[in-house]
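Next up is one chain by itself, shown in structure tokens, the form predicted alone.
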């Protein structure tokens, strides 16, 4: 079974491929099938809504079953912000080397000197898989795949933690670097108390085991296996 993964983020591709390794599912990317189209406007108020929007958009454009995710950070003290705006929280544009530090700095600025007990947060990943609604099979859809499921599959994975704060090693309100060299985005600021580490300090293998995206990927694969084997 061939499925399209709708992302241009190589980190997401690596994390998902590390979880979904079954040879019965071949994951291809937009680049693999030569699909060059404008990205859809992610204007939904929830992670689930944006994930489904993207999955349907690229499924229709490619003719392949497609899964996509929308993920981000929810901070309790900020009423769930940055939420669906996580990737563009600061308003900065450019590469990750520009956007990630700006987003992290805004997060630290918004939290200020709140104590660690008021810095609880979670990473969320909503993942959706949709069949193409159009009749054109640009991506070479396999016979029968469209009938595998008749409505979008949507799952949610989370990981609980908190944002680095006063008293934590590596914390400084005016320095968004955080702790750890692995990961991306908010990983250097996201501390998992039971591990005593940020998610940027984890090995890729360990992170895939516990991350929100790893959790969502496993839930998605469980759903797909049940459909394939029925």
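Numbering follows the first chain given and starts at 1. Quick caveat: nothing in here was measured; it's all calculated off a predicted structure.
Another form exists, predicted together with a small molecule; not displayed. Remarks below refer to it.
Taking non-hydrogen atoms only, residue 229 never approaches the small molecule to within 4.5 angstroms in the predicted bound form. For residue 215, no non-hydrogen atom is located within 4.5 Å of the small molecule in the predicted bound form, even though that partner is not displayed. By the criterion of a heavy atom within 4.5 Å, residue 153 is excluded from the residues contacting the small molecule in the predicted bound form. Taking the partner from the other structure, the small molecule in the predicted bound form has a heavy atom within 4.5 Å of a heavy atom of residue 42.
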